[in-house]
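Below you'll find only one chain, the form predicted alone, shown as structure tokens.
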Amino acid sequence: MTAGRYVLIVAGGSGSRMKTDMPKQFLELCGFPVLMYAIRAFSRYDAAMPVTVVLPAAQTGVWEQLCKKHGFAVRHRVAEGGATRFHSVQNGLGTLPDTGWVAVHDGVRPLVSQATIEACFRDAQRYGNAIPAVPVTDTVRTLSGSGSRIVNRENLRLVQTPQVFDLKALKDAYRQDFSPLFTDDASVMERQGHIIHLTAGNEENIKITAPPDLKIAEALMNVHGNLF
């Protein structure tokens, strides 16, 4: 693999929408915490690529216990998260060098494929950044004052992670002031004037946010086995 590649896995979620006290990244999926699958995906892609996991300070002890319980030996380091995802990524970037390429991934996306990771790194080096996305297949409507109207779904995409960027450019973008409109790293870069390049993601790369998502992920794991 090419040198100068890094992974930043952001895992600052709570269990509120999952209706549990356990943070969603720690919930078990086929016997292991969701977060472990996300880390393993990048380790399988390149075992030498440094992985940094960003966790709230109050969760690091729980994570250490889970790693011992499951004998999780994939090498990674932990950085302290912030008040929002923006600040967590900002903190994580502070632990990385100023040059190279970084993949920022959601810790609750356990089913990212090897092909998606490879495509994102490849296209980022070609275009400056790469954001995995998949087509919208449902009919979509937008609300208006008088009701709603249909939206052309051909022009819509569902955005995923990992989002891969030039490290220096991403660090520069994260020096700007926080905005609640920053929903992902691409939106932070876009505010700085960067053009965002979309790359084909994998449909199975869902985000675990509610109880049905965990059931869907489990079914996908049972079907695909070690594909992820």
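As the structure is a computational prediction, the values presented were derived from the model and not from experiment. Counting begins at 1, following the sequence as shown.
In what follows, reference is made to the form predicted together with a further copy of the same chain, a form of this protein that is not presented.
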| item | value |
| --- | --- |
| Non-hydrogen atom contact His87 with a further copy of the same chain in the predicted bound form at 4.5 angstroms | no |
| Residue contact check: His76 to a further copy of the same chain in the predicted bound form, 4.5 Å heavy atom | no |
| a further copy of the same chain contact at Ser187 in the predicted bound form, heavy atom, 4.5 Å | yes |
| Touches a further copy of the same chain in the predicted bound form: Ala115 (any heavy atom, 4.5 Å) | no |
| Proximity to a further copy of the same chain in the predicted bound form (heavy atom, within 4.5 Å), stretch among 88-96, 150-158, 67-75, 115-123 | 150-158 |
| Within 4.5 Å of a further copy of the same chain in the predicted bound form, all of Ile131, Val140 and Pro212 (non-hydrogen atom) | yes |
